[in-house]
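One chain comes next, on its own, written as structure tokens: the form predicted on its own.
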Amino acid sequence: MLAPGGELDTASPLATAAMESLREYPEFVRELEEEAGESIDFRRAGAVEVAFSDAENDALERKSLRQAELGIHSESCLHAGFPARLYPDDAVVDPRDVTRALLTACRRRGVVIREHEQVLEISRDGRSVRTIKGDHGSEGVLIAAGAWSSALLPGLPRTIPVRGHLISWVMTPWLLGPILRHGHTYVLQRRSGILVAGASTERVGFDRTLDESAIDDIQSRAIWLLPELGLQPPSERWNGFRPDIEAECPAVGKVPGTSVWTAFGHYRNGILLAPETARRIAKMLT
């Protein structure tokens, strides 16, 4: 989800960066598709956040007033007879498409991707990197290793893995238009018809075990939002680690006195913040 409407309601540097990044996304996708010669599932689908009680509706109304001051537009609507807020500017993108296209674009520009080569140590000045396959000299290092980032160099803001589960169904394309949200539950649909529901928030370290209770909880909440999902079992279930950080904002910038840059700690908004993070890092480097 590229959805500041579902994440932000107070002014902060993170909110400013998120709004800038959302505005940059159409051009980011256009340029990436052109460079890679691959299609990316991106569209400004909008989002509908539903209230199932008067108290929830009042809370949505109050939140919308705070969000309006940030430039997040929403309007009243109904969903299945319940009051709701429509966020027309929220969008969706398939992160697997983005990652695949970035890999292709980088290789076409001569970038060497060293996969499955674990980093053991980065020198304090950023001039060398030691991996399981040897030492590599460098003019500088950008640390962008998600929840693992702070382990690569002493003194960085500590990252904390926050596990989240997702499930998906193969459904008829265009069954769902906008993102559908209620509280911490959301469902969205890809262009292919795959419908994704989430999510959970679990502080369990780097444990990738699938938690059946978390999956069942997401499934029941998703079916409550979209009853058609109860007609068949999910086709895929997985989890991953959000990179939380012991700081107010993501660590995006240069480590003073070194040739090390950082771009991590985006928590739930890494995909949303990708274009603006890249723009800021590129500007610092050039």
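One-based numbering along the sequence shown. Everything quoted here is computed from the prediction, not taken from an experiment.
The same protein also has a form predicted in complex with a small molecule, omitted here; what follows describes it.
- The partner is absent here, but in the model of the complex a heavy atom of Leu166, alone among Ile160, Leu166, Cys77, Leu103, sits within 4.5 Å of the small molecule.
- Residue Phe241 is the only one of Phe241, Phe28, Phe42, Trp261 with a heavy atom lying within 4.5 Å of the small molecule in the model of the complex.
- In the model of the complex, the small molecule stays beyond 4.5 Å of every heavy atom belonging to Arg23.
- Mapping the unseen interface onto this chain, Ile271 counts among the residues with a heavy atom inside 4.5 Å of the small molecule in the model of the complex.
- In the model of the complex, the small molecule stays beyond 4.5 Å of every heavy atom belonging to Leu153.
- Mapping the unseen interface onto this chain, Gly146 counts among the residues with a heavy atom inside 4.5 Å of the small molecule in the model of the complex.
- Only one listed stretch (246-254, 233-241, 57-65, 29-37) carries heavy atoms within 4.5 Å of the small molecule in the model of the complex, and that stretch is 233-241.
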